[in-house]
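Okay, so here's just one chain, in structure tokens, the form predicted alone.
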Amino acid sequence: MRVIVVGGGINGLLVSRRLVQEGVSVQLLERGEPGQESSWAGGGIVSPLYPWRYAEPVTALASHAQQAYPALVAALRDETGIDSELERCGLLFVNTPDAEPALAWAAGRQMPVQTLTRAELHAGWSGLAADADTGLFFPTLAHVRNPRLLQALQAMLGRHPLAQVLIDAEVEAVLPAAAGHAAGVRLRSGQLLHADAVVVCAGAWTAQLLAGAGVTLPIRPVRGQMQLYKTAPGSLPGMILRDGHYLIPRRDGHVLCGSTLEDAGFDKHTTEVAGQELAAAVRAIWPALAKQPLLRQWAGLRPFAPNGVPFIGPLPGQQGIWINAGQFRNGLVLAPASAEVLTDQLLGRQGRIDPAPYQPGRASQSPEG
């Protein structure tokens, strides 16, 4: 079996990995350099932000992915020598207004959570802002250093005999199978490539790419901006989330602050307004960090889909064309499970995750929201 995968972000890379492990020959096409869009730009928290607020299909994918990440990171480290730095440091939610639903959600899933009083909060997290009054700490939640994870996946595929990664290979059109012709793609260069199936993992650009084939999907770009600081390693005990903004401490003392939500189309420029918002978030969460110099600010484009539920499966009326996109803010979070759902369907077998909630055919019935 031969498959073309369009898009070299985390979803395209992990789908390609799973397919070659199943003996499928894969051509991975990326219009630029693999792993340089939203998969790189995000923070790498292996959990949806405020996970109790998400629809059950998102929770199902997140749960499977969280279980899969330790083995995935270990395998890639063995295969490539690259450590993706999966850190189970826990996530602290500060002054969360819906603490009761959060606790009920955690109890229903037997997920450990600690309720912290003001005194306990400041005793264990002494750098928090003075107005931090309550805390919910989920000790099992982790983050992964996403740029290194992407590097490891690229290295693995670069060595695999069934994988071919083509860079600067911009897809102009996706071509469904027709009488006498296999599915395929047409590149901007004019070159035609054909395979038994085409899997579109083009993130925020997915709807734009498929529009030429007459397919309408409610996926659109939402810009997110991030900042990077540096402090002494271990200064922050774990990840912290407050009022929609978060801090993520890396092993080497780098700390990420994110992120904004902006309807800016395909504009990836950073802005002063977003910079001020993120700097204010740092002061409101961990004031001492705000005294450190800002190292960098960047932006990425997330693929929004209604209710945060991605589209994973075959495109109706487009024979041989499949999609794995629309993970919105949770591309890294859901990626191992998303790849599993796509691969099981493509290979015609029943998997561990029910694929029904993710079918692209639901798009015509999905409200924006």
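One-based numbering along the sequence shown. These numbers were taken from a predicted model, which means no experiment stands behind them.
The next section is about a form of this same protein that is not shown, the form predicted in complex with a small molecule.
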Considering only heavy atoms, tell me if residue 64 and the small molecule come within 4.5 Å of each other in the model of the complex.
no
So, in the model of the complex, is residue 38 in contact with the small molecule at a 4.5 angstroms heavy atom limit?
yes
Find out whether any non-hydrogen atom of residue 91 is located within 4.5 angstroms of the small molecule in the model of the complex, and reply yes or no.
no
Heavy atom of residue 332 within 4.5 Å of the small molecule in the model of the complex:
yes
Which one, 175, 241, 226, 128, lies within 4.5 Å of the small molecule in the model of the complex by heavy atoms?
226
Using a 4.5 Å heavy atom cut-off, which residue among 29, 26, 321, 341 comes into contact with the small molecule in the model of the complex?
29
For the small molecule in the model of the complex, the stretch among 99 to 107, 118 to 126, 70 to 78, 196 to 204 with residues bearing a heavy atom within 4.5 Å is 196 to 204
